[in-house]
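We give structure tokens for two forms of one protein chain below, kept apart as structure 1 and structure 2.
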Structure 1
Amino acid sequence: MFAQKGVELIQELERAKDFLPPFNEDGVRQVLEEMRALFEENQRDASSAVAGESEYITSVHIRHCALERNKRCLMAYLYNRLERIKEHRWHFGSVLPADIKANICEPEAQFFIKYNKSLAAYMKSIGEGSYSLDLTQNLKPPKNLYIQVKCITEFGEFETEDGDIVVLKKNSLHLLPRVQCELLIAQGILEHVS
């Protein structure tokens, strides 16, 4: 049946709902192969239809349907992967962990870099002068300036903007300014204790 491989690609994405599976280059190549074969057959039938035999027109329609279906599967595969990469920027920050990077193909890595650049340029353009607004911070309305945090992963030394060096050992409690630790909490290194 037509477009089996295309649907398999999509099912791969459906199974992995909250992470990015490795880019299935083989799958994509197979789908493109199938599309090429269908298109060539269609060309042959269409040219014979032009020549006079008009009985092949329905086959042309059906193969065209299959071509459109394959195209839709491929486009949806690529689009949904890009959407997930965009989400990764907001959850992980601008640097991705190595094992996620291994699942991204080269053009997607380029997309990620460009997306970072666009986001940074937009954030810089918001204030006047040299003030830039970090949109990835303060995702929930802040209630106080300083928060109590507990370190859940060993991190080592962390330097705050005022110059204080804080040693983040496992299970140590600290009282730190909210803006400094928001990124670390999002990455799972610290835990907000209320």
Structure 2
Amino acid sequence: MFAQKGVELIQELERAKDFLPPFNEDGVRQVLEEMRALFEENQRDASSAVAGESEYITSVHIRHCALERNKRCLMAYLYNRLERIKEHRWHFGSVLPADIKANICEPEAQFFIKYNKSLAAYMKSIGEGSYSLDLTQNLKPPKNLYIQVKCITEFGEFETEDGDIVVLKKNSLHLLPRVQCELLIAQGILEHVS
């Protein structure tokens, strides 16, 4: 049956929901070989159809549909693998665990490296000064908008976004908006108290 190997690739990926299965190079090669064979048959029959033999038109159309289906299956297989690799970057960070790294092919490894660099450059571009904003740090929304912090060093007056002025003295405890504290925590001025 036409396009069966392409469907098998999709099913294999779908069965492995919780992990990234090894790249099925053999399955991809078989789909590409089937596509090449279908294309060559279509070329031959299309030439005959152009010459006036109309009985080949239906078979050309069917093979063309099979080619399109194989193409869609391959694209879906590759796209979903890359999406899972992106998810792993957000979940595991810039270094993949060995079991996942063993299941990706060389082009996927190159994609991961480029995606990692792009994400790092973007996070650095939206930070303040020499501090970058780590978008991978808080993937789930916080339960509370305010956190309790302890001032580690003498800082002085700190104005919040709503205009309140808080004096940050060494060893003082404060309940401040999470968003406004992140940079001061990164600079080592404040410390999150659980």
Partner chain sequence: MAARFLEDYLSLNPWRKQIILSNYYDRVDHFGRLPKRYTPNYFSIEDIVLQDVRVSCKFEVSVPKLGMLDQSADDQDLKQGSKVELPFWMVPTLHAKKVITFEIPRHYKVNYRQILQADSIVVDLHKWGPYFYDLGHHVANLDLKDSIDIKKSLFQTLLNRLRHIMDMSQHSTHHETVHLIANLDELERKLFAVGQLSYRSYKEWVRRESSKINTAALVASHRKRKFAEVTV
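None of these values were measured; they are calculated from a predicted model. So that the term is clear: the rigid core is the largest set of C-alpha atoms that superpose within 1.5 Å between two forms. Structure 1's sequence is the ruler for residue numbers, which start at 1.
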Which block is the form predicted alone? Structure 2
Please indicate which of D99, P141, E161, I165 marks the hinge of the motion between structures 1 and 2, where one rigid part turns against the other.
P141
Any idea how many degrees the smaller rigid part twists against the larger between structures 1 and 2?
96
By how many angstrom does C151 shift at its CA between structures 1 and 2 when the core is held fixed?
25.6
